[in-house]
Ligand SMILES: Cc1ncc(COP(=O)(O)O)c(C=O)c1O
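Next up is one chain by itself, shown in structure tokens, the form predicted on its own.
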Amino acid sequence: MNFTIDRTSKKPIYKQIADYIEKGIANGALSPNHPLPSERSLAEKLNVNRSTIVAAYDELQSIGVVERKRGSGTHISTDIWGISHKRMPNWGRYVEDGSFLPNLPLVQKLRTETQKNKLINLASGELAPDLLPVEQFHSILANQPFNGHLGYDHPQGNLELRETIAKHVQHYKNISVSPDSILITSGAQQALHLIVQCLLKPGDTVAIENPSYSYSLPIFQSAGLRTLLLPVDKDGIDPEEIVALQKKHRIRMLFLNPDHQNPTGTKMSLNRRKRILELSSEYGIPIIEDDPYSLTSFDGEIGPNLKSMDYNGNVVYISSLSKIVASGLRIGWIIGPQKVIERLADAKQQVDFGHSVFPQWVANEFIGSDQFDKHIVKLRNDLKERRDLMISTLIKLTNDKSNFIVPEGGIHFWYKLIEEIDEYKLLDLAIKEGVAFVPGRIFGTEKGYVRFTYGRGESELIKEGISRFVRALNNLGR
């Protein structure tokens, strides 16, 4: 067997061996007339533990490629060489070889743990059930007859909803836009995917905040993009960092979350916003402004968003109802140059033939009603109350006031740990205590942080959740 193990590969050795044997069977290099090498002899030949070969043969047996019988060794399965030539596909290889990468293992673990176990969930980036406008939606569904058609809608989304969003962003965010320059998406997540897939190509360099939600997304790696990191401080990113990176690299696009940034909760200063727009025009770098949180500003002061100050068409703006109304509604939007919107709409239509009719109708009825503003005012008050409760509980239980910046909006709280603490081990202990949070390294390179979502925690559970976290923190130090 002429095979060399790549010990620098991220693929486990047993999978490398299994893949090599499977390919040999498929191309006829390994004859079905002879048994495969014994576990012991193959282990010696490849200089690995016998258990590694056992795992490789188990993998091949699980997909029907080999048969293993005690006393007679491991043989190529007769089923794949029979008269019918039927063979079970190696779904494991298909899953691994796809170009669209899975979520990070820790993200998958958090999703599984919060769904499977009765944890106090301070991890998920969404609103708690009691913050959702359920009664208003019931009223809409009960009192407003649906008169829309049930066929495919406009590729950019329902025209009435786009007109309502145009009025909405003008009123709340001073963004002037035509409905023709708006695309309805399935939340901000789909908006990011469409932009990455349609406006960039493999090898392009993009700059993102560090830490940032974007850092945790596999979409940049799936698209073959190179990511550069812009450090975030209490006033957002430093525009001069863009200058320094641009001198060494050709930045194709900037991804920014200026208002109540995820995960830090910081708000970018006005001077930095102005400077970033200047640099965008000077270098011709488009900006993707992700704005899920600006309406939650506790003092009611919104923006100014980068898009509202963009007079050259350099900013593509993303927002949604996920963090201010309901994540399950799946209503987001992109605002940008019309030719860009048409390109993204074409791609979206290829994926799903346009957005679902009913959530667009519900969203239009709610955003266009007096109830929307009342909901936002109540949401701000409730979120501020929960933020204060989380902070006061942490200070009381840890006696430390220096480990955080107080967010003035949004739903996230960024907490600094002692640098030597392993936040992944802390998470394991916290889950055992019955509470979930997000380790900070998911969002960037710096160690020793955690992200809590006070918007996800119901008021009566926040104090208990933080108490469980502090117990885990204290246990880690023992």
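Source: prediction; values computed, not measured. Residue positions are given as counts along the sequence shown, with the first one as 1.
FYI, the form predicted together with the ligand isn't displayed, but the following is about it.
Residue contact check for Gly303: none of its heavy atoms lie within 4.5 Å of the ligand in the model of the complex. In the model of the complex, at least one heavy atom of Tyr293 sits within 4.5 Å of the ligand. Although the partner is absent here, Asn262 sits close enough that one of its heavy atoms falls within 4.5 Å of the ligand in the model of the complex. Among residues of the shown chain, Lys323 is one whose heavy atoms approach the ligand to within 4.5 Å in the model of the complex.
Residue heavy atoms within 4.5 Å of the ligand in the model of the complex occur in exactly one stretch of 273-281, 254-262, 146-154, 130-138, and that stretch is 254-262.
Distance criterion of 4.5 Å from any heavy atom to the ligand in the model of the complex singles out Leu192 from the list Leu110, Met268, Leu394, Leu192. Checked against the ligand in the model of the complex, the candidates Met390, Ile237, Ala188, Leu383 yield a single residue with a heavy atom inside 4.5 Å, and that residue is Ala188.
Applying a 4.5 Å heavy atom cutoff to the ligand in the model of the complex picks out no residue from 228-250.
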